[in-house]
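Before any questions on how it binds or moves, here is one chain, the form predicted alone, in structure tokens.
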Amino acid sequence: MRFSEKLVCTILLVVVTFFALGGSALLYGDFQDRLSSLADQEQNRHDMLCYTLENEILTLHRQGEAVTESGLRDFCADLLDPAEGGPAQLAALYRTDGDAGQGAVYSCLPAAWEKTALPGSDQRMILRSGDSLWRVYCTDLLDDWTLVSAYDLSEAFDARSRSLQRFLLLEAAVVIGAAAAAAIFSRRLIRPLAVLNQASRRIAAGDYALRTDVRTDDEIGQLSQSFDRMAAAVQDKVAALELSVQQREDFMGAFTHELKTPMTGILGYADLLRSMRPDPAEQREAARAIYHEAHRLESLSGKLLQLLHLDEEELTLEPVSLDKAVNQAVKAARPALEQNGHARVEAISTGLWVQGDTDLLCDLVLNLITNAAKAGPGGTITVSAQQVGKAVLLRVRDHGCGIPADQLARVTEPFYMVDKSRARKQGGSGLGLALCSRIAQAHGGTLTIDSAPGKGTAVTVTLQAVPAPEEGGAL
């Protein structure tokens, strides 16, 4: 059963139940009030009959006349006969030791009541005669006379039956109206749910940009907003996964290419040495080329292993002297500086300490200096740092060729090179800035690049500042 049908059935069940209970209580209350009102009227009429008969008996006593059965019979016939317009519909007069069906002075009661126990004095009861119901009253009079009177209740019960029929018709109309209103209401109510259902199917089919945009001030509107936020999160996650897959494919393609290029050179020169007898100068040239390409492979594998190590293991960070890490990096960069036009490094001492790993910070600065030396052969490379609040900004600046603005966002991707031919000629692999970015992330920081063609490049790494250890503490 669909939710809308369940909702309609539930509404109808509630409406029918409460309407039936309320209507039944109302009908029962009205019927009881009517019976109570009729009882008061009947009691008054019965009392009036009793008073009239007793008054007749007393009148006969005052006049000295005997109270005879024949006299009372005639009096009752004139007083109680409905044809004469008497107040009672049925009545009987008999002595206290007599019986309503036997020896009654006067009786117009139904024959079926002859064997029925009538109520006692000053009591009343309801008896049936055919299809009619009667309320019977009994009262003892003077001189051991007893008066029984009965009043028809059929009209009250018929009125109740007519009211019940009208109520049932009204309830049927209410049920039909409630069903129509509930159907319209449920359709409008579940329309946003239908939108959410359709949207979920389309998103499951791959339409991740779809949004529901249901604008209501209720829980369904909140559900729609949550659904849209979930869809946006799914879209972002799918985009991230697609980007990750694309990056992996690009990584594998670039890695394969970077391996193939030096291997081709190594195999070519090795084959030259194996199959031919070159002169000593050609042998030295071939050996130099093999050494250069093998060195590229060694550098490539080392940086690649370092990247994998950073992705797989968590670092244990401790206070590190930034000046110490920078000085170690400058010393390690001397071969690269000499190879690239004897570039000069100007390292400004700051006395700052950061939370980090000494070896990784040294590698970070070394890669930045090496990249800067390749970008501006023979120029000056400045390494500086400053504390801003709880952060230390480590900056390496060169005055080289710079990086185009449209390529700044990609220079930290593995194997991405702005000028591939120049980078390979200088022994680059496109992993330096990617490794620097991962080292910065491992330290809880960021790496930003500010560059312009012909004006040089400034790479800024944000690190966490810590107080310098006290004298005698661990360095």
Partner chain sequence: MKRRKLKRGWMLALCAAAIVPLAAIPLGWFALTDAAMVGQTRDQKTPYTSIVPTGDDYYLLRQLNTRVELAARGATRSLYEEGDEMAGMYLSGASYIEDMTVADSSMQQYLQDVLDSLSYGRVLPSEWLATIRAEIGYWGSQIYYSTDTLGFVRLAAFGGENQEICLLDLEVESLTGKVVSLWASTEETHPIDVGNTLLAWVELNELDGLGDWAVPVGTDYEQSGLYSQNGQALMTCATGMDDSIWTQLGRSERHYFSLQLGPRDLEVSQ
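All values reported here derive from a predicted model rather than from experimental measurement. Residue numbers count along the first chain shown, from 1.
Same protein, other form: the form predicted together with its partner chain, not shown, and the subject of what follows.
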| item | value |
| --- | --- |
| Heavy atom distance at most 4.5 Å to its partner chain in the model of the complex, all of 189, 227 and 406 | no |
| Partner-contacting position among 140, 357, 152, 114 - heavy atom within 4.5 Å of its partner chain in the model of the complex | 140 |
| Contact assignment for its partner chain in the model of the complex, among 395, 324, 399, 124, heavy atom within 4.5 Å | 124 |
| Candidate stretches 160-168, 204-212, 230-238, 349-357 - the one whose heavy atoms come within 4.5 Å of its partner chain in the model of the complex | 160-168 |
| Distance check, residue 35 to its partner chain in the model of the complex, heavy atom within 4.5 Å | yes |
| Heavy atom of residue 46 within 4.5 Å of its partner chain in the model of the complex | yes |
| Contact of residue 440 with its partner chain in the model of the complex (heavy atom, 4.5 Å) | no |
| Contact test in the model of the complex: residue 411 vs its partner chain, heavy atoms, 4.5 Å | no |
| Stretch 38-64: residues contacting its partner chain in the model of the complex, 4.5 Å heavy atom cut-off | 40, 43, 46, 47, 50, 51, 54, 55, 58, 61, 62, 63, 64 |
